[in-house]
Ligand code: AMP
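For reference, the chain that follows is the form predicted alone, supplied as structure tokens.
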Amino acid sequence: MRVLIVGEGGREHALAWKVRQSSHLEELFIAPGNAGTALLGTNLDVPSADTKAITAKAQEIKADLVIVGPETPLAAGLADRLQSAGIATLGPSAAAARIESSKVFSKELMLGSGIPTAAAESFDNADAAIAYLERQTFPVVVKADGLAAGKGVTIANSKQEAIDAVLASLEQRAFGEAGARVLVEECLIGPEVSVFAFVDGEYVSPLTAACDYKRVFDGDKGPNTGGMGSFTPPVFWNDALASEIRQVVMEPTVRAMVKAGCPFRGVLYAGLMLTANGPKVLEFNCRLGDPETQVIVPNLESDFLEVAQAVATGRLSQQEVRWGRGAGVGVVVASGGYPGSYKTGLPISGIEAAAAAGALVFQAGTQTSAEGQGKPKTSGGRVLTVVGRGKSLSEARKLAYKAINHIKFEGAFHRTDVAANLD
């Protein structure tokens, strides 16, 4: 198979690493990719958000399968374009991707189908939203409706914080059109978990789960980021919980999508809060997570291309999806100043040494430096994810942090508490 992976982050490097192991692979392309994916296939200088150019390039290279990593091109209809061109795609249609790209659509789908989630109201008028807030107890959660790069959610501990969040979204347009509507939700309490399944429109594969770290600093301090680390499996994850989430969340959601006229084909990601009243959905994503992909994909024992092809062709029920029971801990190494402003173009050393120490090193915000004999330099905020693997979380964590000591570039920093004190 000739395979094109769309995206440029650590998720896409991890996917390329996994696809490279398939006996079905003939040639691998990544658009646009990074310095890490360049070691596994051919990077193509095409922006992942340019759905027309991606489709044209997929036709040019005669791709048999396209794997779409990020949510933005899916929401913009990349899968629709590719499928119209007769190219098998791992990723949902734009209509199905609304489960992530519109929080209002997702919430209405859940409330209308009896899928457990937080109570909420949606608003496109600031005065109406503020009048509603006058009657609430706090904390509440204010969410911009659309895709806001992880920055559109505010946990408001006071009425004033909630009002400020509403005004920022609806009047100041801090998130552009993504914030033209907001949801005001009850704030759920409990452990949080990310749950993933392959879905072919009707069938839901066996589930896997991970936990991630959104805040930039140790102890969950500082602003939210795209994710500073993750681990699998969660300490509370077991067959009974997986079965419950499958029955009350994943399968009802897939049926609801069919009923809504937009069957979901791809990877369904449910962000859940395990409340005293059972699992409740915080949000859905229409793709694999980042940095969760970096720890869960190494646990997939099935051939990834076989699974992806089965999803794309509606044959998933005939394909075994087998997850291993190993533990993985991934720690993101970020540029100084992230998630604010940061320098780029800084030379990176120690990747080979970290790999020699037994870790997997997935590159994200990197480019190959021509003047540095192919050595990578920084090009983004989240630069690398260093993943340790082991029989237990403590073993995996120890390996990840031992290996991360080898990674050096100016201003580099990471959280030191990923998967700390869990087992």
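Just so it is clear, the structure is predicted and the values come from calculations on it, not from any experiment. All residue numbers refer to positions in the sequence shown, first residue = 1.
Not on display, but discussed next: the form predicted together with the named molecule.
Residue-level contacts in the predicted bound form: of D80, E283, D200, D303, one residue has a heavy atom within 4.5 Å of the named molecule, and it is E283.
Only one of A327, I87, I245, A118 comes within 4.5 Å of the named molecule in the predicted bound form through a heavy atom, and that residue is A118.
Proximity of K214 to the named molecule in the predicted bound form: non-hydrogen atoms within 4.5 Å are present.
By the criterion of a heavy atom within 4.5 Å, V153 is counted among the residues contacting the named molecule in the predicted bound form. The named molecule in the predicted bound form is not approached by R98, whose heavy atoms all lie more than 4.5 angstroms from it. Interface residue remark: K143 is counted as part of the site for the named molecule in the predicted bound form, having a heavy atom within 4.5 Å. Contact with the named molecule in the predicted bound form, defined as any heavy atom within 4.5 Å, is confined among 166-174, 181-189, 236-244, 337-345 to 181-189. Looking at 335-361, no residue comes within 4.5 Å of the named molecule in the predicted bound form, counting any heavy atom.
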